[in-house]
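This document starts with one chain, in the form predicted on its own, laid out as structure tokens.
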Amino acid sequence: MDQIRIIEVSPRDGLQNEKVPVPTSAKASLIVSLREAGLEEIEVSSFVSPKWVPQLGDVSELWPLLPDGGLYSALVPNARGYENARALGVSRISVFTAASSAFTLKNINMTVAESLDGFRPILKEHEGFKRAYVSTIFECPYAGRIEPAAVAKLAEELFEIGADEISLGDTIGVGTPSEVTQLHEAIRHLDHQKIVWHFHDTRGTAIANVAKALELGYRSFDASAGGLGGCPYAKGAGGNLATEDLVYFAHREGLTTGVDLLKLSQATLPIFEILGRPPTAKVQLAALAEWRSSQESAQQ
């Protein structure tokens, strides 16, 4: 059987766009539940200014509450964020750029080249694990289609300046399997084990794209429990690939994940209650329905 690697991003990417404040204690409980479901690698939060992303302004309070044993990471958008992360002992960090300067200008008020200059010293100085996000790998909401060669060139630069792995993000969820193949052709010379795919399910193509990536030999994927998240800088962008959908698909395909699907499906229920809306991820709903049915049968 084949193992796939899941990087759970719901506490950061899943919640950053939500307007309803989620208490720090609820975030900590979510992470405990995710760990109990079998998820090991979890992106916890971002050391971004609370002025820009209020939902993540409690990272300094949240970090000491994390349960032992997980591989926890945080996004560091700039030098100040990195210093704050280092003061808390964060060993696994992420930096962010995109394949489109139009997108980075809207997002972090920098061109792609300026973003690289900004976090080059961070990647050089940090002694722990370093991830780099590359957004808009297929299309930018402001600049249109992105050439695979541009993504490949950026990925090469990121590895050269110290990234340990690169997460390739279909930020607005437009990609299809043929586009995954086209990008693969442009980056096939890079180490597959250092490439992570980050699909959004805006148009329902995330699992199809996962299937193609698996076929091409990739085994690492970002996902968000309950499909939480989206992109605040891309109008109309829907949620991330639901971790439940990824786990179910992997298991049916004969792959291992180390994740308990029912526990995972239950993990985000308190968060949805706080947000005031029901879950919508397909596999999560199906798993919960099966569990409730079995509970009712047992009581009869």
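Position 1 is the first residue in the sequence shown; the rest follow in order. All values reported here derive from a predicted model rather than from experimental measurement. Think of the rigid core as the biggest set of C-alphas that the two forms share within 1.5 Å after superposition.
The same protein also has a form predicted in complex with a further copy of the same chain, omitted here; what follows describes it.
Each of P177, T205 and K212 is positioned with at least one heavy atom within 4.5 Å of a further copy of the same chain in the predicted bound form. For the residues E61, E36, E253, E273, the 4.5 Å heavy atom test against a further copy of the same chain in the predicted bound form is passed only by E253. Between 112-120, 195-203, 80-88, 155-163, the stretch whose residues reach within 4.5 angstroms of a further copy of the same chain in the predicted bound form through a non-hydrogen atom is 195-203. Although the partner is absent here, R188 sits far enough away that none of its heavy atoms falls within 4.5 Å of a further copy of the same chain in the predicted bound form. In the predicted bound form, a further copy of the same chain sits within 4.5 Å of a heavy atom of R145.
Within this chain, V22 is remote from the site of a further copy of the same chain in the predicted bound form, having no heavy atom within 4.5 Å. Taking non-hydrogen atoms only, D222 never approaches a further copy of the same chain to within 4.5 angstroms in the predicted bound form. The partner is not shown here, but in the predicted bound form the stretch 277-295 reaches within 4.5 angstroms of a further copy of the same chain through a heavy atom at K282, V283, A286, A289, E290, S293. Superposed on the core, the two forms barely differ at V20: its CA moves less than 2 Å between the shown form and the other one. A displacement of 2 angstroms or greater separates the C-alpha positions of L288 between the shown form and the other one, with the rigid core held in common.
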